[in-house]
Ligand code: F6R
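In the form predicted alone, a lone chain appears below as structure tokens.
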């Protein structure tokens, strides 16, 4: 059976794929392969020629290589490196330069000789760029060619900066960046307008010339393009698809990035599966969408004609399967996310976790000061209205997401207010002038001054207080944690530290909550949401022996970008048109965030539009499946103590 499955997979997956459960496992596997190659080449008395990538994806690989150097004596004396790309123009010392990235993450921490490091030069005069690209190709050939090429993948399917339209035979060159790529990079440059429009990149042919190519992808945000590259046709629209032609290429993914591959979207198409409840729900929802029928109208023929004969044989009839899944999915819907009080319960009501405790102490963790209302604003208002003691913990300040112009407007108001009421107008005027000078002279991507960071932090706090009040949550139940990993004043954050975990644990111990809500957004393993979630999980792991923990239920909501897949939903909270309008008004309180087009993954719509689209899409899906028709639905998954339970 394993051999048959391998054959089916190879027919679907045109590049060999390895999937690890966690991002750290991916990074360790890739780093170990690189380390083994370095040692092998050393034993052979040869240089090891590495093609290296930048971005958030390979940072874990570089961290592990640094660890191997420091703790296990891995030497880089015989390593020669060629980096994939660099923005143009770009000074090597700039915050966003890939040379600085490599120094920070790898080169400054290992014993690689400086003369063996090669990077495209973002300072080359424009009329000399073409010649420098030819020289870069020559240098790779003189080094003996690339032994190993490490790649990430962009949302457009680019590897390096080989944007859609890059041909199979392209080599190192100057290229114009795609709009999506510049949008994704906007957060690093404090605005899309600051992102260079061009870059120097190795070509597709250069990459395919490597003896071994490994493409890494982490997080669910990469899942759609990974599926296109691995299972779709070769096309210059998806440059990564050219790896299908390489004899020794491999794609290494975490579970989230692999989620759109056939082996996970509909594994029954590939062969026999073990039919556990979640997979049955997934298969029936998939079938209903394939044949465009409500669940209760699916027939034996529908199952037989769409790869679900085994499931039909196990249950005996479509009728039995349909009823099982319909009732299972319908039972997730509740208008009482904190559970009903005893006097409101009816015979036959579903027993919810912690049902016997009412009212509850509820702690909602919001990574940024607006994630609570964007992602679960309707549920938040329900909990407050139904008498629960609701607290919100804003984990990071969110100051980096405030434009300078908003800070200027805030300063102008504060200065005018002080002048109007004769409150130290000289002092406030001096502060305003000092910060105005700083902002006028500030370079794109330059770190904000300490004063400006404080102003931007207070803007986000004020907006969060207004949104909390709108949702019925008193100001004294809003907690601004300002986790230190985030407050670097730059786009690059620090690693999660004991200080971050201590702050989280102290609040949990103080609150002793019956119910916790947290952002379970896995789209970027190195992003703020994921780091904040890790802090919560680690804190709960350490607090598990506490007596209150046994009665605590943890629910995970999604960010603005995705919703939980229906087969994974454990609780669905329906919203009326009026409630959806109230949620929108809560989001509007975050005025400084009105234009998020500068941030990775964003599109032309406002946050409130994306949130409503997501909530309405879930409601439409439920309607198509034959469940009750709602205006919108917020969905949650129960965390059961491990990341794999997601």
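Note that the coordinates shown come from a computational prediction; the quantities given were computed from them, not determined experimentally. Numbering follows the first chain given and starts at 1.
Unshown form predicted together with this ligand; subsequent notes refer to it.
Visitor: Since exactly one of 574, 154, 520, 122 fits, which has a heavy atom within 4.5 Å of this ligand in the model of the complex?
Guide: The residue from 574, 154, 520, 122 that makes the contact is 154.
Visitor: Tell me, out of 532, 159, 373, 390, which residue has a non-hydrogen atom within 4.5 angstroms of this ligand in the model of the complex.
Guide: Going through each option in turn, the one that passes is 159.
Visitor: Looking at 55 to 63, 616 to 624, 580 to 588, 24 to 32, which stretch has residues with any non-hydrogen atom within 4.5 Å of this ligand in the model of the complex?
Guide: Correct option: 55 to 63.
Visitor: Is it the case that residue 471, even though its partner is missing from this view, gets within 4.5 Å of this ligand in the model of the complex, heavy atoms only?
Guide: No, residue 471 sits far enough from this ligand in the model of the complex that none of its heavy atoms falls within 4.5 Å.
Visitor: Taking this ligand as it sits in the model of the complex, is residue 220 near enough to touch it, meaning that at least one heavy atom pair lies within 4.5 angstroms?
Guide: Judged by the heavy-atom cut-off of 4.5 Å, residue 220 is well away from this ligand in the model of the complex.
Visitor: Taking any heavy atom pair closer than or equal to 4.5 Å as contact, tell me whether residue 84 reaches this ligand in the model of the complex.
Guide: So residue 84 counts as contacting this ligand.
Visitor: Considering non-hydrogen atoms and a 4.5 Å limit, does this ligand approach residue 98 in the model of the complex?
Guide: Contact with this ligand, yes.
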